[in-house]
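Okay, so here's just one chain, in structure tokens, the form predicted on its own.
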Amino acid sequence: MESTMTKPIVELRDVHKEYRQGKLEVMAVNGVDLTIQAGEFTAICGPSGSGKTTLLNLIGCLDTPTKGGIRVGGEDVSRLSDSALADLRLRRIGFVFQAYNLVPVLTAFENVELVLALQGVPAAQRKKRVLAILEEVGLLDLRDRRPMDMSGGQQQRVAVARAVVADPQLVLADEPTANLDSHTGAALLQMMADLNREHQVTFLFSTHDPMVMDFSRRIVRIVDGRIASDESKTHGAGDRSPSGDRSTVAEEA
């Protein structure tokens, strides 16, 4: 069987993104070539304004390039209609946002279930999959809590569970540790590293957090919209640590 690590999940070729601010033209992404293989655990790093979040939005089909080609899961996204792009985002890409973006009136279970409901998955199958992923991320006992009754780390774990419950090809995480203390951030990253290793979920981060870079196995640095360096490591910090008891880690987080 061919290894999933050899299959490109994302391909960018000479990608540009230009914005207009009044009379000014701002080149947020400037001629980026980038390939992400399935199963990677990669961080796109750079200071504020470097273009890393714009790049993540382009890969996630939340924005369109001014110039250049983007393929996600082998699909040339420039050829897709708006409805096809929405379906690609729903079925192939999971999103983890800095501000969690959970629905406040829904429980943890319902927030995670929402993606499967939108996909039309039958109720019994939804329940089985949601309970399984909540147990895996150490939040099964909190399934009936709403976001306001959870810590920041617990809310971000719900967001990760929501992102991976439908088995997407790719999970995009924009500054996932920005609102967390270092201990909680490390627990979250270890959880994502475990999901990556055990399920071959591809994770791509936008970050300026050194801890995320330490956990990642590849670091792509972007400066002024251009890739300044691209470094691969044999292991990330999460590979060197046992997964441990997630329920204990979740309580701490």
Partner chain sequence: MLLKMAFRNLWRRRFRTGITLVALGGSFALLLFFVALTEGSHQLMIDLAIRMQAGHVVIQAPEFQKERSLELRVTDPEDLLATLGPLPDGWVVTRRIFTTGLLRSADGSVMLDNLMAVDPVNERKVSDVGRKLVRGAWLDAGAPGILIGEKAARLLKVDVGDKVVVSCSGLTQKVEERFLVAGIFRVGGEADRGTAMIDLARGQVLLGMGDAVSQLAFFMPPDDSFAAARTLRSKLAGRPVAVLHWQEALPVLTQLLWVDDISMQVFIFIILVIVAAGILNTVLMSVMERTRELGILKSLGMKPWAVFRLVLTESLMLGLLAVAVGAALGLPLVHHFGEVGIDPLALTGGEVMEMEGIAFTDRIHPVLLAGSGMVLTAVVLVMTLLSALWPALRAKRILPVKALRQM
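Positions refer to the first chain, counted from 1. Here the structure is a predicted model, which means the values were calculated and not measured.
The form predicted together with the partner chain exists for this protein as well; it is not shown, and the discussion that follows is about that form.
Heavy atoms within 4.5 Å of the partner chain in the predicted bound form: which stretch among 101-109, 69-77, 150-158, 131-139?
Contact criterion met by 101-109 only.
Between the partner chain and 208, 223 and 229, in the predicted bound form, does every residue show a non-hydrogen atom at 4.5 Å or closer?
Spot residues vs the partner chain: no contact at all.
Residue 63: touches the partner chain in the predicted bound form, heavy atom cutoff 4.5 angstroms:
Yes, residue 63 lies within 4.5 Å of the partner chain in the predicted bound form.
Is there a heavy atom of residue 121 no more than 4.5 Å from a heavy atom of the partner chain in the predicted bound form?
It does not: once the partner chain is placed as it appears in the predicted bound form, residue 121 has no heavy atom within 4.5 Å of it.
Is there a heavy atom of residue 143 no more than 4.5 Å from a heavy atom of the partner chain in the predicted bound form?
No.
Heavy atoms within 4.5 Å of the partner chain in the predicted bound form: does residue 114 have any?
Although the partner chain is absent here, residue 114 would touch it in the predicted bound form, with heavy atoms inside 4.5 Å.
In sequence order, which positions of 57-93 have a non-hydrogen atom within 4.5 Å of the partner chain in the predicted bound form?
The stretch touches the partner through 57, 62, 63, 82, 83, 86, 87, 89, 90.
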